[in-house]
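Given as structure tokens, the chain that follows is alone and in the form predicted alone.
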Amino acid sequence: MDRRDSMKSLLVGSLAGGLVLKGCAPATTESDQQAPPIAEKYYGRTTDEIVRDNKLLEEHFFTIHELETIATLCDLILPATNSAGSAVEAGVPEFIEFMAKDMPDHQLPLRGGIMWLDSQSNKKFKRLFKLCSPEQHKELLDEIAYPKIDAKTPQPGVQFFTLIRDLTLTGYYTSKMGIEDLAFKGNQPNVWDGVPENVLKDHNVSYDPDWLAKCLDTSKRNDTAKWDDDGNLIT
């Protein structure tokens, strides 16, 4: 089982645990801002929720550089495969941008983590993290993706990477692409055509023909049932 399959297994078992974040953010300039994604459809949203979502989509938090760094991290965590697209192709950076605005507690850990990552990258390789080679990315991330379990003090960067990894998995596997990658079908109507005839005979019972036509006609299984004022099934 490869790394991506391991993540899918964990997600199917727990359906993406918690998301945790904090903070306040410095103002961004107009040149730093990126147009938010357009919300075209809302499922199960109240009017107030739709208004709030639209307001958040009009706001900006991350700078272009921060979004590019997040995109680099997302595709390192969930790269494209032969059967599925990458986290960036699924729109995960936009999801993380939205979550940072929707849950402001995420803002300080995310922005601070990106700054820390760039600082470490500059110290080691004299370049920003997003500009590093694949080998340099691996060297930096191995230190925070697989922390020492017996460490007496928290290792810098570990909490940030855990957060960005959780958000990447949540964003990807709740997207259309991610759900298709999981092959998750959701709730599907089944077909039941009644108790088998031999069982009915063994118990000397049978179905009322009228109810049989109303309840066990599988061609009408997608029809909505109708009842009269006395609670009798009509169709």
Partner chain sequence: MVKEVTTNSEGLATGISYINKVDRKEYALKAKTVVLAASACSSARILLNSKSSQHPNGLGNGSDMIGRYLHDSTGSSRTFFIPDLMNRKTYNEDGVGGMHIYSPWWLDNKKLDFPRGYHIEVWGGLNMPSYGFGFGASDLNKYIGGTVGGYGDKLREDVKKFYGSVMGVSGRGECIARKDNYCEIDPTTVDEWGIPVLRFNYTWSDHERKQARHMHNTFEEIMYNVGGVALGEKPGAEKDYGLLNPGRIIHEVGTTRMGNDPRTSVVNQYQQMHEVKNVFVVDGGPFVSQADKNPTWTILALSWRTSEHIINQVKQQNI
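Rigid core here is just the name for the largest C-alpha set that superposes within 1.5 Å across the two forms. In this text the structure is predicted, and so the values were computed from the model without any measurement. Numbering follows the first chain given and starts at 1.
From this point on, the text means the form predicted together with the partner chain, which you will not see here.
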For this session: Would you kindly say which of 131, 108, 103, 115 lies with a heavy atom within 4.5 Å of the partner chain in the model of the complex?
Result: 103
Exercise. Taking 4.5 angstroms as the cut-off for heavy atoms, does residue 61 touch the partner chain in the model of the complex?
Worked result: no
Problem set entry | Any non-hydrogen atom of residue 147 within 4.5 angstroms of the partner chain in the model of the complex | yes
For this session: Spell out, yes or no, whether the shortest heavy atom distance between residue 71 and the partner chain in the model of the complex is within 4.5 Å.
Result: no
Exercise. Is residue 125 close enough to the partner chain in the model of the complex to count, meaning some heavy atom within 4.5 Å?
Worked result: no
Problem set entry | Residues within stretch 159-180 having a non-hydrogen atom within 4.5 Å of the partner chain in the model of the complex | 161, 165, 166, 167, 169, 170, 172, 173, 174, 179
Problem set entry | Large Cα move at residue 58 between this form and the one not shown, threshold 2 Å, rigid core | no
For this session: Indicate whether residue 200 shows a C-alpha shift of 2 Å or more between this form and the one not shown, with the rigid core used for the fit.
Result: yes
